[in-house]
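Have a look below at one chain only, the form predicted on its own, in structure tokens format.
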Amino acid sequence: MSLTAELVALKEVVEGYARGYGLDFFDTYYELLDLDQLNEVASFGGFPVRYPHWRFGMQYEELMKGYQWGLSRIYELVINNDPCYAYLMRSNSLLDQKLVMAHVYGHSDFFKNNMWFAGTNRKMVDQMANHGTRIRKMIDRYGLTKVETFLDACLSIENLIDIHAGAIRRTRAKTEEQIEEDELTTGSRVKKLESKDYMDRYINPPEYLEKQKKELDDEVERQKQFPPDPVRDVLLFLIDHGNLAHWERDILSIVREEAYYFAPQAMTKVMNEGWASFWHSKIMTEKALVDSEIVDFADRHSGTMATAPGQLNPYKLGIELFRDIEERWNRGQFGKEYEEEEDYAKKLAWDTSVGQGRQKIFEVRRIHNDVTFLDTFINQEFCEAQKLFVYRKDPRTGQMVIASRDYRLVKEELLGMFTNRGQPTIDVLDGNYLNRGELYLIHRWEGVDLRQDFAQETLKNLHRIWKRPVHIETIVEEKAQLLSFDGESVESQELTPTGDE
């Protein structure tokens, strides 16, 4: 539904303020929706044209109940697309609409300029519609139950991708024909330097040639492994090597494509929300507010920034860290001289008035994700100012107590939450385990345990896709364990850690 004349005028004003601060965003179009329409769009992840699936209905019910019970409320919904689309709730006040627009322009600027979004499909609205059409055709042809059952299995492993794949260029494994050719030509590929016959044994020592030949032979053997190196993108491995029907491979490809589209949003949750909050606060308090709106804005903003005990609010953490970076770079609190200053009072009072804060936060917005953002810029002063600490349960009293205020331990806890989006890291280690075509995965422990109940159900879904027994190696109570599913039951056994061997 198109905007009212009042909202069109408001959009032009807020957009002008945003551009005046240097934000660079996609052309942005707003849709005005009722509550149930907005919750419906939100349940589809912002894409009302997506394929049909029961989980979207479940999310819709959750959103509706959250609103009805006063637990949550959608103020803004914006998607990474060019042009950018955002949604406004009809029942919101004019102040709310103004705040949402300011927030949206922050998000749109982040989508357009952050390097982790550079490889995403900027026409995903059209692509989502295409995906929906393809899956509906499959339902018509193969039946709802069959398609939905397979789609359920694919969605249960949609996180098994390589989130850094967009920034890495990897070579594909050699084909069997290429390996056979290597075997035939290994001897002839040993490089010798040109020399006279009487000098050959000195210029091309036999032991050197033998060593080079062995290295080439080892490389050929390594290429025979399947896959030759561990594969982080499990979905791509299943697509390339799984015994799938054409329509099954198409569904898995759709799930993988959408997983990669949404991955940068999960990788930059703190930064993205912090950046949008930073600019909506700046635009509202310095430009857009009128006197009669100050109290209501403070109420809305404080509600968004509120943090419950023991929980992490990405809006609050992000905005405060951006503000801290801007202030530190304005005052020159960076560099070798500042870092080597041991007097804590002098560091707090340090001010060279270099005024590089605004330039720095735009640079940070461009190159970082949450992990590098937190790792690079959280320091002792920030943790103390924000009252961040590590807490543990006291074994004697059963109460939660402060275990440490050391910023390094605080940072370690935060990085553990955001590395690989806080999810277990899984690789394909062997696609022909025991020479029976069985799939062998390995859980790379990086601070996130593998939940046994989730792992068992996921193995069943992987079996549905791979159609052969599947295994996953993990660590339970510091002992290597192998979980297996053969199509009938899940079994567990202890084993010696295999590493990459």
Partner chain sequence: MVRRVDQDRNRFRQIVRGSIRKNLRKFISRGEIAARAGKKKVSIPLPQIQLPRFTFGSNRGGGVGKGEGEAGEPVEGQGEGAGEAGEQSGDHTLEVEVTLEELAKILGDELELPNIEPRGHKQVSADVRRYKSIRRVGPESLRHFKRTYRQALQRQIASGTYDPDNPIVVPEREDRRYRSFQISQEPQSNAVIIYMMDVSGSMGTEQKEMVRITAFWIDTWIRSQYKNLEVRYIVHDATAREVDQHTFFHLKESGGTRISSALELAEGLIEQFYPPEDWNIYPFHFSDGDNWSGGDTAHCIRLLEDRLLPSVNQFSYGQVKSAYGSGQFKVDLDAHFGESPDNLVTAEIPDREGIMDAISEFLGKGR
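We call the rigid core whatever largest set of C-alpha positions still superposes within 1.5 Å between the two forms. None of these values were measured; they are calculated from a predicted model. Numbering follows the first chain given and starts at 1.
Below, we refer to the form predicted in complex with its partner chain, which is not included among the displayed structures.
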Have a look at 406-414, 294-302, 236-244, 75-83 and name the one stretch with heavy atoms inside 4.5 Å of its partner chain in the model of the complex. 406-414
Does its partner chain get within 4.5 angstroms of any non-hydrogen atom of Asn159 in the model of the complex? yes
Check whether Phe334 has any heavy atom within 4.5 Å of a heavy atom of its partner chain in the model of the complex, and answer yes or no. no
Should Tyr142 be classed as touching its partner chain in the model of the complex when contacts are defined as heavy atoms within 4.5 Å? no
Decide whether Gly57 counts as a contact residue for its partner chain in the model of the complex under a heavy atom distance cut-off of 4.5 Å. yes
Does every residue of Ser43, Gln311 and Val390 put a non-hydrogen atom within 4.5 angstroms of its partner chain in the model of the complex? yes
From the list Gln380, Asn330, Gln423, Gln127, which entry has a heavy atom within 4.5 Å of its partner chain in the model of the complex? Gln423
Going by heavy atoms, what in 449-469 lies within 4.5 angstroms of its partner chain in the model of the complex? Asp449, Leu450, Arg451, Phe454, Ala455, Glu457, Thr458, Leu459, Asn461
Does the distance between the two CA positions of Gly335 reach 2 Å or more between this form and the one not shown, the core being superposed? no
Aligning on the rigid core, do we see the C-alpha of Ser302 shift 2 angstroms or more between this form and the one not shown? no
Quick check on Gln399: with the core superposed, does its CA move 2 angstroms or more between this form and the one not shown? yes
